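Only one chain is given next, in C-alpha cells, and it is the form predicted on its own.
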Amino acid sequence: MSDQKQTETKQTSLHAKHVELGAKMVPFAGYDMPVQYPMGVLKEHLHTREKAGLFDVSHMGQVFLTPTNKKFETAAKALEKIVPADIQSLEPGQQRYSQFLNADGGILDDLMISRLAMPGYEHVLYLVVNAGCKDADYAHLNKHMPKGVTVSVKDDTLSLIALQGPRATEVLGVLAPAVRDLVFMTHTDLELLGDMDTPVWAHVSRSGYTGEDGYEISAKHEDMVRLVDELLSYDDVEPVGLGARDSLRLEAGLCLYGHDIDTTVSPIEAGLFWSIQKHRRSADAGYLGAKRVAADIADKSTKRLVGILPDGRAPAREHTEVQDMDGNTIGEITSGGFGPSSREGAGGPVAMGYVARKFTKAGTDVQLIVRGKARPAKVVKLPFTPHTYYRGA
C-alpha cells in the first residue's frame, strides 16, 4: 500500500532542486513536498519575517476562465454564481480573495481570483486554488461555467513560487523594477531578468500567505528552476518549507483549508465577512450558499473563529477542547502550534479555533483541555503577528 502511494505521489518542477538543497521531503496533498531544509523550521520562519523566504507552492492549482465573446462581464457574472465576492468590479491587474461555497453555504475551498491586465487579455480571469481541493474545484467549475466560458487548467505547464518577507521587494526589484510599484492584491505580467542569460516571462502578484509583504510568481515549468537559482543567489533569500509556511500563516491569522475552514462552516463563521462586498451579503445575491451567508450575518448566536493565546509554553493542537471557566464545552481548536514571532517577538504557543458567539470578545478567559488537564488561555484578536502588506506609500 505504501509503495503504491509513493508511486502515485506527484512532483513539482522544483523537486530535484529541493533534494539538492537537502530538504526533508514529505507527502502533502498528493505531492512530494519539502517540509523543511537544513536551516530548520524555526530559523526558516524567522528568516522570512526578517529577510525573505522562498516557497515552492506549485502543488496549488492554476486555472484560467476565458469568455469566448472576449467580454469580461461574461466570465465575471458566471463566476459570481459560485463565489460570494464581487467579481464584476475587478479592474485589470486587481486580485481578490474568495471562496467556493456549496448550496448550504459551507466552504468547498478558498481561492485567489485575478483579472489579467495584459493588453488583449483583460477579459480573462486567473484563479489559484488549494492543492488538496483542486480536482474537485475543476469539476465544480466545469459543472457551473456556461458554454461561453472556457475552463483551462494549467497545472501541467505552470509552476508557482512565493517570495515573502521585508527584503522581497529589494530582491525581486533587481529582476524587474516594475514590481516595486505593485501594491497588495495587484499583479502584472512582465519579464524577470537579473543575471540570467535570458529573461523569464512571469505573472507576478503582490500577495502571499505569511502576513509579510511579498510576491507570488507564476512561470512555465522549464523556466522556474533557473528563476529559483537566481533568487537563491541573493544572500537575503533562503528556501522555506511547509513547516514554517504553516507557522507563518497561523501567526498571521490566516485560515488553512481542511483545518480552519471546510464544508461545515460558512465564511461568516470563519471570520471572512470582510471578503464579501456589501451588496453581496443578502439572501438573494444569486450565488450558491447566499441564504446561509445572509442568515449567519443576522444570527449572532452562531460560532465564530477566534484567536486563542494559551498560558505557559504548552501548545494547544488541532481538536483540543475549549471550555468556559465553568467547565462547559464551548468550542474546539482548529490550528495550533508555536508562534516564533508572536508575543511581541518573544514567541510562544498560539492557536485558532471556533467558540460559541458569546465567548468571542477579546480578553475572554477560557480553558483548554490538554492531555486531560485544563489549562488557562485567553481569546485574542487576530492576527498574532501584525501584517506588513504594502498598500502604497
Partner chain sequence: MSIYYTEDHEWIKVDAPIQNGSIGTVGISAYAAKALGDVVFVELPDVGLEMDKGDEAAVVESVKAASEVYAPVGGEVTEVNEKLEAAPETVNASADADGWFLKMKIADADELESLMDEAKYKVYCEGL
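Here the structure is a predicted model, which means the values were calculated and not measured. Residue numbers count along the first chain shown, from 1.
The same protein also has a form predicted together with the partner chain, omitted here; what follows describes it.
Note on the partner interface in the predicted complex: the residue among V355, V63, V41, L54 having a heavy atom within 4.5 angstroms of the partner chain is V41. Among R317, R281, R96, K220, the residue placing a heavy atom within 4.5 Å of the partner chain in the predicted complex is R317.
Heavy atoms of no residue among H15, S58 and H387 are located within 4.5 Å of the partner chain in the predicted complex. Here the chain stands by itself, but in the predicted complex one stretch of 270-278, 81-89, 307-315, 115-123, 307-315, has heavy atoms within 4.5 Å of the partner chain. At a distance threshold of 4.5 angstroms between non-hydrogen atoms, R375 is in contact with the partner chain in the predicted complex.
Taking the partner from the other structure, the partner chain in the predicted complex has no heavy atom within 4.5 Å of any heavy atom of F359. Not displayed here, the partner chain is kept clear of T334 by more than 4.5 Å at the level of heavy atoms in the predicted complex. Residue contact check for F338: one or more of its heavy atoms lie within 4.5 Å of the partner chain in the predicted complex. In the predicted complex, K24 is the single residue of 9-27 with at least one heavy atom within 4.5 Å of the partner chain.
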